[in-house]
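What follows is a single chain, given as C-alpha cells, in the form predicted on its own.
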C-alpha cells in the first residue's frame, strides 16, 4: 500500500525530552527540588508532613487555624470504614503488599459516595480520605498477615505517629516520629515522575481520583520506580559485610546486573533527598547497632561513582532508614505510596483545573502491505512471534 502515510513524529524513548504539562506543584532545578517554591531542605528541616500536604494541594503553607482544621479532617478520615475489615481476612495476604494496597483502595472506592463526583470539593474530600487511609491500610495488612488484629488510629496524633503505632503496636518516640515525618516529606512529590504521570494520564480521561491513585500505585510498584528501595535493602543484606562489598559489585557489574538505587533521569549532580537520607541513615544505623549497613552503603556510593559515574537516588539510603525503623522490607514501597499519594492527589487536582486528555502518538514500524488470506489457505508457518 504505497499510498499509506506513516506518522513520522520525533521519537523520544521514555519521553525524556518531552514536556507533557504545565505544573506549579514541584520542579527540579539542577540539584534543587522545590515544592511550590520551597526547597526540600527547608521543608524537611522545619515543616510537618501535614503542612506539606496542604502546601501541595492548595499552593501555600497553612495558617495555624487552617492547619488545625486540616489535621482534624485527616484525623477523622484515618480509620477505615467498618466494611473494610472483612477484606483483610477475606483477601489473600501472601501477596506483594502493593497488590493488596491496590485491591483495598479499589474496595474503598465502592463505598465512597464521592467516588465518581469530579467537583473540586468532592476531590478534596477524596484526597483527604486517601492520604489519611493509605498508611492505615499498610499497617493493618502487616498485622493481619502476622495473625494480629488491626489497630485503629488514635485521635489527635499525626499520620507518622499513627502509622508507627498501628504497625508496631506501641507508642513511638518523638524522635522516631520526626524521622518518619521527614521521610514522608521527602517522598511526597517529585515533579512528573512515572507514577505522577500515570495519575495524570488516568485523570485526563475524567476517570476519577480513585482510578488515578490506583494507576499510580501500580506504577510505583515497579522496581525501576518505588520498588527499588526494597531491592536495595535485599542487596545490602545479601552482601552482608563491608569486606564482601567490592567483590560483590565487581561480579554484579561483570554480569551486567543492575545495582539498584543508583542513577537518575534528571539529577546529574546529586539528589538532595538522598543527601538528607544519607545523614539519617548514619544516625539510625548507629542508634540501632547496625552501623555496617551505613558503612556498606557509603562504600557502595563511592564505588559506583568512581566506576560508573552514578549517584545514589532517593531509594538508596531510604532502604537503611526504613530498615532501622523496624519497617518490614516489603513495606518500603507501600510506605513510599502512603507519602506519595499526597503528590498524586495534587497532580490530579491540578490536571482537572485545565484538562486535556493525553493522547501521544507512536512511531509505527510494522508492515503496511498485508492482505487477508482465508484461514484454509494459511500454512501457519513463518508467522510473526507475538508482540512483546
Ligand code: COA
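Residue numbers count along the first chain shown, from 1. Note that this is a predicted model, so its numbers are computed, not measured.
What comes next is about the form predicted in complex with the ligand, which does not appear here.
Taking non-hydrogen atoms only, residue 223 approaches the ligand to within 4.5 angstroms in the predicted complex. None of the heavy atoms of residue 170 is located within 4.5 Å of the ligand in the predicted complex. Although the partner is absent from this view, residue 253 contacts the ligand in the predicted complex, with a non-hydrogen atom inside 4.5 angstroms. Not displayed here, the ligand is kept clear of residue 118 by more than 4.5 Å at the level of heavy atoms in the predicted complex. Note on the partner interface in the predicted complex: the residue among 228, 284, 180, 80 having a heavy atom within 4.5 angstroms of the ligand is 228.
With the partner omitted from this view, the residue of 313, 135, 212, 195 that lies near the ligand in the predicted complex is 313 [heavy atom within 4.5 Å]. With the partner omitted here, the stretch from 255-263, 70-78, 107-115, 195-203 that lies within 4.5 Å of the ligand by heavy atoms in the predicted complex is 255-263.
Heavy atoms closer than or equal to 4.5 Å to the ligand in the predicted complex belong, across 284-311, to the residues 304, 308, 310, ordered by sequence position.
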